[in-house]
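Before any questions on binding or motion, here is one chain by itself as structure tokens, the form predicted on its own.
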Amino acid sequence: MAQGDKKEIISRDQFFEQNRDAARAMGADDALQRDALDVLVQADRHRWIHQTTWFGEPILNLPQDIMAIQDIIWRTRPEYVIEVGVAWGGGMLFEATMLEILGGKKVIGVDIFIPPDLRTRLSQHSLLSQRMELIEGSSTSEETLTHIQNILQGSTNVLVVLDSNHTHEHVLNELRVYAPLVGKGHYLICGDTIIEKLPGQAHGARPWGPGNSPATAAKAFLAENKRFMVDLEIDNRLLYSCHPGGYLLAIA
């Protein structure tokens, strides 16, 4: 910049519009997307996806996806977050932190097994602990769904994050039963769609893999349920993500 020249000042709206244009270009850059996927595949061999923590608990998500979920919670202000697949509890702690800041009500964690020591650790976070409720049981059982509905009390101001068993059949069933809980303008996140792009048996002998994954379930779900669409703006800007094509926005 020559001496005396003034830097162009743009508005906040212009800044975000420039970002959206740049993200669309990044999403359409096939060579960059291939390079990014190669890095993710190579890094996953070193447990990259498992390295992130929140308040000391593993969150089993890439930082880019954590920031995307942060943005979703900020924009949509859900009263409730349903986390299907609790694992080490880091995801619940993160979501409870957001609800504590923004005034949401509760994070509901569902898993077929919740170790006593995890319950103990999650109970030691003061105000955050009061915003978390654990349900041990099948994510699609009538008992579990009735328990969830009793907590929601009719609210559809709900974010759902599905991250449990990753087979096509199980995920498709979860998408079908949790979709009615999500109101217009809110999100149903189909987790770990990246499995479709990873080498088969990347994490050992599992019943899921390419061709039998959350991505194939999401595709089948979207073909039958027109209330939801993939939020491509999120996909475009992440570059690295565990959930490509899995950020599903309720449009009706």
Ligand SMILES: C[S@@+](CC[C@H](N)C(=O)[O-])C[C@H]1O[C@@H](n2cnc3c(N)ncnc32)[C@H](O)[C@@H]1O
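Numbering starts at 1 and follows the sequence shown. Quantities reported herein were computed from a predicted structural model and do not represent experimental measurements.
Form predicted together with the named molecule: not shown, discussed below.
Taking non-hydrogen atoms only, D111 approaches the named molecule to within 4.5 angstroms in the predicted complex.
Taking the partner from the other structure, the named molecule in the predicted complex has a heavy atom within 4.5 Å of a heavy atom of S138. None of the heavy atoms of V182 is located within 4.5 Å of the named molecule in the predicted complex. When contacts are judged by a 4.5 Å heavy atom cut-off, V86 counts as touching the named molecule in the predicted complex. In plain terms, the part of the chain that comes close to the named molecule in the predicted complex, with a heavy atom within 4.5 Å, is 55-63 out of 30-38, 55-63, 210-218, 182-190. For the partner-free chain shown, D163, S164, N165, H166, H170 of 160-188 come within 4.5 angstroms of the named molecule in the predicted complex, judged by any non-hydrogen atom.
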